[in-house]
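Heads up, the chain below is alone and in the form predicted on its own; it's given as structure tokens.
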């Protein structure tokens, strides 16, 4: 973590604080951080709020530079950062506002199993998942695609693998953007990126990526929970992963090509990590086309991870995944930029919404919410940490009014990876988790140390903020009972 933020944080209301644009002469708009007093102390401890102010300098930025309550230091943008830029006003696209792991996101699978059905099989189930699903840095998996197939996969999204028997058509209906971002151009992705992705689709990765078996331990909105098909003590599976080495390389390639773009277009930046170009420039258009292709790869990755999960459950319980009710509730992206229509100062505009560590949270009636949920709103899936809880929320009207349809994406780190490893010294994290009722397996002891519960803010506190701000509302809380990590 970086040094403490010493700039102004003016209280707007009980769940929002402002960095006024008067803080620095280069700021075009205010910075707004959604937080409460419980979280504010930890937010002040690093320089992530300064990154919120930095983003407020971008050309074409609309309304404000936003940060969600899971805010922490990131590359260029803070994690939890949201901003919208208007291409008609010279608005830019910034790879740092999407992140290296393009379309890192979360997928939640329901089952018709309950805690009583699985509690005596958890060790067997976790072992089955761990030894079936590749997890860890650089790991390849069972699915290998040549260059032509990988580019097709990036163009078509999960439909490519579903047409090969690795899922069913209704999975697409429960995936953000139906699993395919339009106008993706796989040919805009470098050969090196394609090579990195050719053997990694269907792999979990490392860091904060995980697969968790969870149980619903609280229901806060019975009507919405019923619409989502969730009930108390029900077992679900949450998958958190992204576009693996392919997405990382797309970002890295773009940052190289954007290095001279600010000078070329007369853009002055407070931090070179904010490298950007006008969205309608040749550099901007190429990155957008490649970013969309990488996003489609990310949807495919989680589709294949879900397929393998279904197979393991079927083997352990001796019933087909269909018989186990393993339907996809929803899949959401939280590292992406999208061209969306929003109302800004009373006018409808198409703007580039950057969500870096932030989740789309569209409310009831929005045309992009799947028909199955349109009467209640979009499912919002918020992972926490492997010792406490995760959440399902529902998109709320305040997100459209305040944050360009966005909410938080997780708990947010409280400790750097180095600090977390130091804190874990001499401890056995897997034994501590088992004492909490969580069976955890990881490809490395370091992975468990870096991702221990103490490394994260309490997700319940983060969710309290977005609920009170009406960005998304509480539906159900899940606690982990089995975890696999890289």
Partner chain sequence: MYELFEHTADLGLRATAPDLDTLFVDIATCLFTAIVEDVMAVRPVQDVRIEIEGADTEYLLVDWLQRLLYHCEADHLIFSRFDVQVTDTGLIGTAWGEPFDPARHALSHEVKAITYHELKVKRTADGWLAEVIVDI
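Predicted model only: the values in this text are computed from it and were never measured. Residue numbers count along the first chain shown, from 1.
Keep in mind that the form predicted in complex with the partner chain is missing from the display, and what follows is about it.
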{"property": "4.5 Å heavy atom contact, residue 446 to the partner chain in the predicted complex", "result": "yes"}
{"property": "4.5 Å heavy atom contact, residue 134 and the partner chain in the predicted complex", "result": "no"}
{"property": "Contact flag, residue 272 vs the partner chain in the predicted complex, heavy atom cut 4.5 Å", "result": "yes"}
{"property": "The partner chain contact in the predicted complex: residue 96, any heavy atom under 4.5 Å", "result": "no"}
{"property": "In the predicted complex, segment of 346-354, 149-157, 276-284, 201-209 with a heavy atom within 4.5 Å of the partner chain", "result": "201-209"}
{"property": "All of 119, 299 and 306 with a heavy atom within 4.5 Å of the partner chain in the predicted complex", "result": "no"}
{"property": "Sole residue of 220, 114, 265, 75 within 4.5 Å of the partner chain in the predicted complex, by heavy atom", "result": "75"}
{"property": "Sole residue of 164, 259, 170, 123 within 4.5 Å of the partner chain in the predicted complex, by heavy atom", "result": "259"}
{"property": "Stretch 392-422 - residues with a heavy atom within 4.5 Å of the partner chain in the predicted complex", "result": "413, 415, 416, 417, 418, 419, 421"}
